[in-house]
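Next up is one chain by itself, shown in structure tokens, the form predicted on its own.
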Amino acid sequence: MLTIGTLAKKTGTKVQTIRYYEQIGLMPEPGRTEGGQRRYGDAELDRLSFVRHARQLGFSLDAIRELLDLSDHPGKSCAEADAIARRQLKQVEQRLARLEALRTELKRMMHECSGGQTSDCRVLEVLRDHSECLTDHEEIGA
């Protein structure tokens, strides 16, 4: 049996995050010692590793909840998990497109800047007037 600190170290998850996952139901309430200390077994270690990896891949907590439910019912069709993964991939591709637009705009601003005085700085001009931008990147950083 593992303490919460050991579980945290083995999974690279902060203790506070583990407690939060317990509060919102992603992790089950752990068993406790007579002294009230949390104790975790292999099943909890596997589950937390699953959650952590899913978070690293950018899945939302709601999506992880759905994936855990599917994982807890091995007889269900994999189609639902595939649909969740496709939805995540679409979101990642949309973010990449927005980031590429941002990259293009920043490169253009820097390229057009003459390096003179700030009164003539192209970077500052573009930042003052969004209509000077060539790409649509309003959602980035909002």
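Sequential numbering from 1, following the sequence displayed. Since the model is a prediction, treat every value here as computed from it, not as a measurement.
FYI, the form predicted in complex with the DNA isn't displayed, but the following is about it.
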Legend entry - Among the candidates Q88, Q37, T104, S49, the residue which, in the predicted bound form, approaches the DNA to within 4.5 Å (heavy atoms): Q37
Inset, instruction - Would you check, heavy atoms only and a 4.5 Å threshold, whether R108 touches the DNA in the predicted bound form? - result: no
Inset, instruction - Report yes if any heavy atom of C121 sits within 4.5 Å of a heavy atom of the DNA in the predicted bound form; otherwise report no. - result: no
Legend entry - 4.5 angstroms heavy atom contact with the DNA in the predicted bound form for K14: yes
Inset, instruction - State yes or no: in the predicted bound form, is some non-hydrogen atom of R98 no more than 4.5 angstroms from a non-hydrogen atom of the DNA? - result: no
Legend entry - Those residues of 1 to 26 which, in the predicted bound form, come within 4.5 Å of the DNA by heavy atom: T3, I4, G5, T6, K14, V15, Q16, T17, R19, Y20, Y21
